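In the block that follows, a single chain appears as structure tokens, in the form predicted on its own.
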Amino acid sequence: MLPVAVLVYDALSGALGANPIQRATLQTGLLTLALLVLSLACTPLRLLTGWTWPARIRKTLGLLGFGYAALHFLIYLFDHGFDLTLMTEDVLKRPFVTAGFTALLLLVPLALTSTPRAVKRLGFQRWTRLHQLAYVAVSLGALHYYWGVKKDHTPPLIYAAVIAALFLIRFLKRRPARSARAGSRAAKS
């Protein structure tokens, strides 16, 4: 949780600049997106390299991403005086807030079902389908970032390109395996 400690230190020492809430919101949002992208990069990295260690850190990265998303949202609520009516109006009125809020809502069941007990309770196939919401959530996170930027859209577009590349690698690497399994099933019949 070092980034939180740095954020707190910066806040206490006045190093967050003229608009500390905006800076804290941006920092936690960027960290959220980076952690979620890294968690999604684990499987393509394993598929490309054969390394197994990325799978062991994927859950940690995803949970850290969720934690920072929750902190990002809490800072947003703080900035709006914890007024849920105002927040609801903002979510309904501003598309970039809608995208971010929806992404956070999609991450909640993923965080709640990240335990071995949840996998056992849901069954591996249902758990896997549920956790595919991570792809939708990270895509919405990138869209939230893109829509929230007022001038230079290069950084959010880089995130979107990385996410698209990860999806493409996953699709291309898994597709032959599915075709081969389908062919072997047909041969057995």
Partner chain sequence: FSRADRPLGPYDTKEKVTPYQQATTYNNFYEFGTDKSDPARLAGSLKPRPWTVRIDGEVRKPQTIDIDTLQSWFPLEDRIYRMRCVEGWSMVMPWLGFPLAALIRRLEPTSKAKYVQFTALLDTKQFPGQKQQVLKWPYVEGLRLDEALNPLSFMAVGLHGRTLPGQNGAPLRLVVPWKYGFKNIKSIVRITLTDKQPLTTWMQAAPQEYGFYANVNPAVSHPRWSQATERRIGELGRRKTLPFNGYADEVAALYKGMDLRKNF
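Because the structure is predicted, anything quoted here is derived from the model rather than measured. Residue numbers count along the first chain shown, from 1.
This next part talks about the form predicted in complex with the partner chain, which is not shown.
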Identify which of A70, V149, L38, V162 has a heavy atom within 4.5 Å of the partner chain in the model of the complex; exactly one of them does. V149
Interface membership of K173, the partner chain in the model of the complex, 4.5 Å heavy atom rule: no
Though only this chain appears here, would N19 touch the partner chain in the model of the complex if you measure heavy atom gaps against 4.5 Å? yes
With the cut-off set at 4.5 Å between non-hydrogen atoms, does F82 touch the partner chain in the model of the complex? no
Contact check in the model of the complex: R58, K120 and Y135 versus the partner chain, with a cutoff of 4.5 Å between any heavy atoms. Do all three pass? no
Contact check, 70-97 vs the partner chain in the model of the complex, heavy atom within 4.5 Å, ordered by sequence, gives F78, D79, H80, R94, F96
